[in-house]
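Okay, here we've got a single chain as structure tokens, the form predicted alone, with questions on binding and movement later.
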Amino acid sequence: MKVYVIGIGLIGGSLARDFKKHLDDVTIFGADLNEKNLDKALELGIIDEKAELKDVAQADCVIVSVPVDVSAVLLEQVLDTIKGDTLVFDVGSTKHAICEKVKNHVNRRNFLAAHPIAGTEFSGPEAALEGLFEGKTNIICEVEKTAFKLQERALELFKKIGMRIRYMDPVAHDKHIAYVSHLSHISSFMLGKTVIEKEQNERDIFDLAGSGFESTVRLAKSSPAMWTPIFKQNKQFVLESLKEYIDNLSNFKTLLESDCYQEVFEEMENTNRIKEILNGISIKK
């Protein structure tokens, strides 16, 4: 099986590692605009050979793992090039714009719109991890628009690397993911910015930062080159989630200003039930 990974970063590289581990007779080809990424991927054994975009004409499976603004354009080029029985899937954090971009393509039925909910704050081929997707959810959108045989092939691949499958409409996906992922990254970036600006006047502030700060600001180490296009493509729902978040912060600030500490306690106590929700999700997994 010839698998072509376009974009050898955290997600593309981790998929390559897992496919090499779990699939028999597989050869992983890597394509990336950054030649150093390809050299490093070869050195680390993530890919077997370098490739160019035109080479996907020989592919059995193509994974598009690039920033979402590039992915929308690149997918059309890939679908123009592939053979009739090639499976193509992307891994982008937004789905509606990509699905719209390829909806009328003659080879639309070769494409599966996917979003593996997995990752870390690191990027590049060095960040690729074996087993990253074990037990993680993979959201698939518009599955009915993918040829049935290719659906089966994709699901078998995802099953072998341990992923759970969830089906969603692309618009619903983008709305929900704005709250549980995109907003989290914005919050982390802006918390980091706030502390960095304060640190200019108080040099020892980071010496006082504990594990709570470190875990909360972890996502601020994520790649701006990846996240800026995501915020652009999902602008409507990101703005909606930001408005609600800012309203909650403003209300909390007002309670403190008014010495309403019982209400402060109740706000936090009511939010504590998120532990039950998350524990329930973990049990279901």
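Because the structure is a prediction, the values reported are computed rather than measured. Numbering starts at 1 and follows the sequence shown.
Just so you know, the form predicted in complex with a small molecule exists too; it's not on screen, but the next bit is about it.
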Next on the checklist: Which is the contacting stretch out of 54-62, 240-248, 256-264, 29-37, given heavy atoms within 4.5 Å of the small molecule in the predicted bound form?
Outcome noted: 29-37
Item to check | Interface membership of Leu112, the small molecule in the predicted bound form, 4.5 Å heavy atom rule | outcome: no
Next on the checklist: Can you work out whether Gly124 and the small molecule are in contact in the predicted bound form, taking contact to mean some heavy atom pair no more than 4.5 Å apart?
Outcome noted: yes
Checklist entry - Does Thr120 reach the small molecule in the predicted bound form if we count a contact as any heavy atom within 4.5 Å? => result yes
Checklist entry - So in the predicted bound form, does Pro116 come within 4.5 Å of the small molecule, heavy atom to heavy atom? => result yes
